[in-house]
Every structure is written in structure tokens, then in C-alpha cells.
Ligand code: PMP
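Below, in C-alpha cells: the form predicted alone, a single chain.
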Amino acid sequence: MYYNNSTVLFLDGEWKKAKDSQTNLYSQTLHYGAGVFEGIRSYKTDSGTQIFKAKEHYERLHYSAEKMHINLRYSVTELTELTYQLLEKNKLDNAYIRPLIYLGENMQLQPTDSVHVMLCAWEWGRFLGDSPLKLMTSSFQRPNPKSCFVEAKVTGHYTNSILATTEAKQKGFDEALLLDMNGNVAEGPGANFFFEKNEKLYTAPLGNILAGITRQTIFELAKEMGIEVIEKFFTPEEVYKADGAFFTGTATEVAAIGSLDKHKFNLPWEETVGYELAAAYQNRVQKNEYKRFELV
């Protein structure tokens, strides 16, 4: 589903057919998870194909690389220009874009100068679908922020996400909600979490979560719409009494949540401020509101 015989990707300065591309089986990223990546979306708009917040995404990629002692030699501007070329070469407009920075042959637990840059893209619907999700509180916690840089988008971090999602699906739920080491709600396996009570939104503060770019966009939209957003620590028990809830993320966009641990929320999704924000988000990325497209 990610590529076909004609799909082209960018790899280390060259355009290659995806089906013919290879990597080193002794890669430090493959063995130890020491790589960084991004998830970005482009949209078909009245002014052509636009990458949403390319600058913010590639700045975060650089941040993640720096934290993992990876020398990313391409600038934000270069990466953005290459990504537009990638979309053009593959005739894509509404696309999901995956930059991956992975490391070469190295079995040592220390940095390496062998750094590879790959950009690929494919058509991908909303990651968590369109129906309100049934969540369970995961038995897995998000990593302690003293154990790693939780705000960096590192490949190895997502083993935690795979475990949490798999557990939830095996128990009959759609997705998981993870707590931090203190028992407070952190985020989903691949998305930030918001809940609503009395027309106010609540979300976990930074420190134990990924600083999501879609999360920040919701902050911007909520401010424009006069919706208060409060960052605070809260427990699953507080969420049980919510009027509504949703996940945010680039692949996810804005995904409705219907229940947590079989506790249904008070309002139908269509009557929540989350629903209004989801509509505003789609309008922001697909229509003529280009002030939020941070293009370089």
C-alpha cells in the first residue's frame, strides 16, 4: 500500500525507485532504534498542492536529530524543496510524507557519522478512521522523561506504542491511552489527547509527551474560536466524566473518541467543541486560509 512499481523516493541525494532501494542490514537504526523521523501531510488546495507546516516539521526533525547526536546535513529549506519535488515526481497532492533519518553500519552504542536521509510519500487516509474510538487505559506507561528525550521523534520510542495499541486491540478496544510514570494521562500511542468538560478543553502539559504540531494547531484554532485550553495533569477517572474527547496528530488529524474504559462521554461527538475544531482544522488545511502554511 505504500509504494508500487513506479513509486520514486529520495535517498542520500538521489531519486530512486522504491522497489529497488536497499539498506544495510548492520544499520544501527535497525538493530538499536537510533533513528529519527517525521510525519507530514500535504493537501490539494485551490492554489495547488501545499505541505502543511513544513517548516515546523523539519525544524522538529532537526531537533530530534540533534538530541540523538545525528548530523542531519540538509537544511529545513532544502528538505522542504525536496519534499515538493517528491510529491511532483509521484503525482501526489493529498499525501502522507515520511522523512526518515537512519544510521549506517555500526554495532557500537555511540554516535556514527554514517547518516542516511530518505523521503517517501503515499496516499493514506486518516490513521484512526472516522468513527468515535473506544479507548482503554493501557497497562504500559510512557517512558520516564529522564530515560530519553520523549519530545524527540525517535524510531525506537515507538516499540512502546506498538505494545500499547496491540494490547488494546487484543482486548476489543480501538486504541490505547497511556499514562505517565505518576499515573496521569499522557497521550495515545501515536497522537496527543484532549478532553472536553463544560466547553473547556484539557490536555497534558509538555514534559511527558511529544510536542505535536497538530496539537499546537488546535491551540491556535481554539484561541481564534474563543475556546479555552487548559494544560494540566489529570487522571483517567477525570476523563470518565468528560463531555467529549479527541486525539490529534498529523496522520490522525482530529479523531473523535467515544469512550474510555467503557465509560461513554456525555455528549454525542457532533455536539462537542472537538467536532467544531475538527471541522475548522479541515478548513485550515484544505481551503484558502494560507496564513498557517509556514512555507519556506
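Everything quoted here is computed from the prediction, not taken from an experiment. Quick note: we count residues from 1 along the sequence shown, nothing fancier.
One more form of this protein exists, namely the form predicted together with the ligand; it is left out here, but the text below deals with it.
According to a 4.5 angstroms non-hydrogen atom cut-off, is Q50 in contact with the ligand in the model of the complex?
No, no contact at 4.5 Å.
Hey, in the model of the complex, is P99 touching the ligand, heavy atoms inside 4.5 Å?
Looking in the model of the complex, residue contacts with the ligand do not include P99, since no heavy atom lies within 4.5 Å.
Partner proximity in the model of the complex: N192 to the ligand, non-hydrogen atom cutoff 4.5 Å
Taking the distances in the model of the complex, the answer for N192 is yes, it comes within 4.5 Å of the ligand.
Residue-level contact is defined here as any heavy atom of the residue lying within 4.5 Å of the ligand in the model of the complex; does T29 satisfy this criterion?
Outside the cut-off, so no.
Among 210 to 218, 132 to 140, 81 to 89, 107 to 115, which stretch has residues whose heavy atoms lie within 4.5 Å of the ligand in the model of the complex?
In short, 210 to 218.
Heavy atom within 4.5 Å of the ligand in the model of the complex - residue from S42, T45, T250, S259
For this set of options, the contacting one is T250.
Which residues within 65 to 96 place at least one heavy atom within 4.5 Å of the ligand in the model of the complex?
Contacting residues: none.
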